[in-house]
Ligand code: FER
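Just the one chain here, the form predicted alone, laid out as structure tokens.
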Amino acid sequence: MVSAQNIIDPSPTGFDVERTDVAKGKIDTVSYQSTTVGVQRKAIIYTPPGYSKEKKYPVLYLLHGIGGDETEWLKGGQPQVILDNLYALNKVEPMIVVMPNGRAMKDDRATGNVMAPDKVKAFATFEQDLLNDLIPFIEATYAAIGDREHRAITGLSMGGGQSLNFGLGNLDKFAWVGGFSSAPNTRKPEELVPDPAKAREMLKLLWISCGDKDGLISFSQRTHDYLQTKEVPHVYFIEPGYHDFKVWKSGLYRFSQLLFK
């Protein structure tokens, strides 16, 4: 079996269009102290409609691309609209969504040459910021369930590579892992999943998606090929499209419906 879950229906027209007749989640910007970087860093938090500290919620960490920051998903993908619409249809589990800045350096703005070596290196450094600073902050501040079975990570392009690298590299922290149009920063498959038996045992969901006309599709394809050879259950979803938010929004729409179930 290549697919660990049943593939859901194609994204319907209007799944990403804001509706006036549905309950809305809340968007907040927070600052947390990063011991990794040595400064206060920002993240954007989406809490679902009806969020209450009287109950506990799973958490999805949603990462941006090389030219973006913590605001990229909001500006280009409007995940709050996608999720609000899904909640109204009772198709997604209530979850907290954390959109951090994945460029872990003191000046983490997406300015100048975003391909500069120090900025590229900062995307790898974010693994320690995420594990040691951001996750503890979220679980201390919000009504979050603090175990791997209730923690997911995914992202687009550079963030897709981060998500596969960090999620598969820390199976004690994440049970739900995805990558949308993952970029060349994605580790080689043998490094991502050196122990296929452990991955089979610990992963609740591994999702890989990409547009069929995306110039970076080879990185998703090689990961899929390896996982298939090693019999690691996963979803490999290719749809018409390029390296853009049309594909990434559709990926979030599908991925989110499979989480925490």
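Note that residue numbering begins at 1 and tracks the sequence as displayed. What you are looking at is a predicted structure, and each value in this text was computed from that prediction instead of being measured.
The same protein has a further form, the form predicted together with the named molecule, not shown here; the description that follows concerns it.
Quick one: from 59, 227, 66, 235, grab the residue that has a heavy atom within 4.5 Å of the named molecule in the model of the complex. None of the others qualify; the residue that does is 66.
Only one of 131, 74, 120, 171 has a non-hydrogen atom within 4.5 angstroms of the named molecule in the model of the complex; which is it? Of the listed residues, the single hit is 120.
At the 4.5 Å heavy atom threshold, is residue 183 in contact with the named molecule in the model of the complex? Looking in the model of the complex, residue contacts with the named molecule include residue 183, since a heavy atom lies within 4.5 Å.
Give a yes or no for residue 216: in the model of the complex, does one of its heavy atoms lie within 4.5 Å of a heavy atom belonging to the named molecule? Because a heavy atom of residue 216 falls inside 4.5 Å of the named molecule in the model of the complex, the answer is yes.
Taking heavy atoms and a 4.5 Å cut-off, does residue 158 contact the named molecule in the model of the complex? So residue 158 counts as contacting the named molecule.
Does at least one non-hydrogen atom of residue 249 fall within 4.5 angstroms of the named molecule in the model of the complex? Answer no; every heavy atom of residue 249 is more than 4.5 Å from the named molecule in the model of the complex.
Which of 112-120, 85-93, 137-145, 171-179 sits within 4.5 Å of the named molecule in the model of the complex, heavy atom basis: It is 112-120 that comes within 4.5 Å of the partner.
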